[in-house]
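Shown next are two forms of a single protein chain, provided one at a time as structure tokens under the names structure 1 and structure 2.
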Structure 1
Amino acid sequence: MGQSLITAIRDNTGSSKSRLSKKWAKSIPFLLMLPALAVMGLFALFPVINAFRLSLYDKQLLNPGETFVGLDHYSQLFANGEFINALKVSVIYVAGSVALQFLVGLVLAALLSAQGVKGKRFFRTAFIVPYTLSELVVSLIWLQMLDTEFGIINYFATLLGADPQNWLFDFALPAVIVANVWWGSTFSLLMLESAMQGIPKELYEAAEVDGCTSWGKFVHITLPSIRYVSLLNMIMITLYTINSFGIIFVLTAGGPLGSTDVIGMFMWRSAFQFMDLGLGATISTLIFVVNILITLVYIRLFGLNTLKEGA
């Protein structure tokens, strides 16, 4: 794009005016996109490359010096029990979060899309509320609600005849999953509901004539019609869950005994608590590889053509 600018300027000195304006016209879209692409290139794309580069160096936080160590960090990581543990915890955390988040979103979307329901706006607003909260505020609310001594969840538990629990110790992983699902289900709800709105009403009317039950309509019409959006939704929330750890950071900081130490948490601690930027970058690189693999699955499942149509 810089090239065409230079050519345009050079042409200005020699050739005719019409050729100049033609060159200019050609470079206009690139000039329009240049600032946005530059910012994205430097702060969205380059970090992926930089993570890999850094992973090959021994580099401490706040220290400008770096030494090349090759793939040392990688072999170090796979011999590290904490890292292996983080992988296992991440799989459970992500699988649990995604499955529940999708299910809750689906049920809420189905309820909102039910025929003849009034007050949709009110209910949708109530369902959306968690999404307006900062990750930190979500964590603080759950931290207080799960409190062993004063928490309201233990109060509800005693009402139901159960003993008070030390939730963030004995049930740490389920507790952080619940908090995360509570926060994230809105996103699934919004996506799935808009997909359901796109289903032609005639399909349901025809099914009704055939004497189809509500459940039958849901299974035979709604679910097949939203399968692509569902898949897209699951992939998006999978990526999102892998790449976020704020709730865990505040609620458990990875503990107790590493039971909630997801990969993002492990990465953050390595880089910013133990000041090992090189090791942190190595974990980042591995997370990026997983992200890219999931993205490829996405492209494979949807087909590149679906993407191009959107483009």
Structure 2
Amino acid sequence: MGQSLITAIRDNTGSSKSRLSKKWAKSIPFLLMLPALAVMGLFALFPVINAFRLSLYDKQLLNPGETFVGLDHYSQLFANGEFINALKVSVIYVAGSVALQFLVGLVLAALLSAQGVKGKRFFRTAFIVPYTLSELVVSLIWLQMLDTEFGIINYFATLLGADPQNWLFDFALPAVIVANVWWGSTFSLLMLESAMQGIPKELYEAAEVDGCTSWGKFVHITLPSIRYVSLLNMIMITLYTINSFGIIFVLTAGGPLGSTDVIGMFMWRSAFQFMDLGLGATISTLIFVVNILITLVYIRLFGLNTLKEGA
């Protein structure tokens, strides 16, 4: 009786230790993530929270004082014609840039992944070169290329019999979209080509046996296989395009007549040219909310439940 009681106590103690050790083992990954979460909270969440707080105050750049104004900045923005124009220009700029960046990257990735294409290494290197340049260098290159008198674009246009154009005045928004696409398409190319390289060759071989054409294999095998990478790619290039304004700042500075005045330019001008930090923080808060909404829309369009199963 006494012997069996001691054995039972030992078994219970051992099982308790085993359960504790299993719980401890499960908690280790979360404990290891704590430093990264702390850093992310310090450098990512704190600026967002502080920007929202600042948007509720009348705060000037050279004035240390703050006056609480509530939601006045938000109501002022949506009654501001320049802000409404910036929203419209941003929608066109982001939609055009993202669509063209993704399509150009997808086509180039498909060509570089296809069998029988010669010179892949050369073309891959040539396509990557623009992405190794900084946004400022890319902007200066396109500033020279689009020059009315000495630009190479007008040189080739003249050879084809067309009249020279003032691209940064008459076609300002398409010009900055093309410059942004030229620079950013490489990012889509790298992501999508890497995803295509991971597709099992057996799928294509089985499709060939069934008589599937090259277009059919691309539609029914390649595109579904790179669906999640495409989702991530589109989210990243959309968020980057919304938040960037470097190319526009150098090429047109938002002109002419506000035709390239995207919301990033409007925020910069409000905060640092007109020194209204409260209004600038309001615009940055709205951009953050738009970023979150766009990400949710993308995930919804691509199918969140399917994404979880495929993860």
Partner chain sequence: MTNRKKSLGIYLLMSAAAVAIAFPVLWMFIMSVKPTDELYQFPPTIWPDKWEFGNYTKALFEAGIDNGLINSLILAVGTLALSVTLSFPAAYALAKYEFKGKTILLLAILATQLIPGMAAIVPLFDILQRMHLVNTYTGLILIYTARTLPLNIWILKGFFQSIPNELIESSMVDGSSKIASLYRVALPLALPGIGAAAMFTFMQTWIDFILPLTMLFNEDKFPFSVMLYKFVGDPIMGTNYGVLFAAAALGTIPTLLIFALLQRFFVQGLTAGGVKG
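Every residue number counts along structure 1's sequence, beginning with 1. Think of the rigid core as the biggest set of C-alphas that the two forms share within 1.5 Å after superposition. Keep in mind that what you see is a predicted model, and the values were worked out from it rather than measured.
- Note: the form predicted together with the partner chain is the first of the two, structure 1.
- S284 shows a C-alpha shift below 2 Å between structure 1 and structure 2 [criterion: core-superposed Cα displacement of 2 Å].
- A movement of the C-alpha atom of A36 reaching 2 angstroms or beyond is seen between structure 1 and structure 2 when the two forms are aligned on their rigid core.
- Annotation: Cα of S27 displaced by at least 2 Å between structure 1 and structure 2, core superposition.
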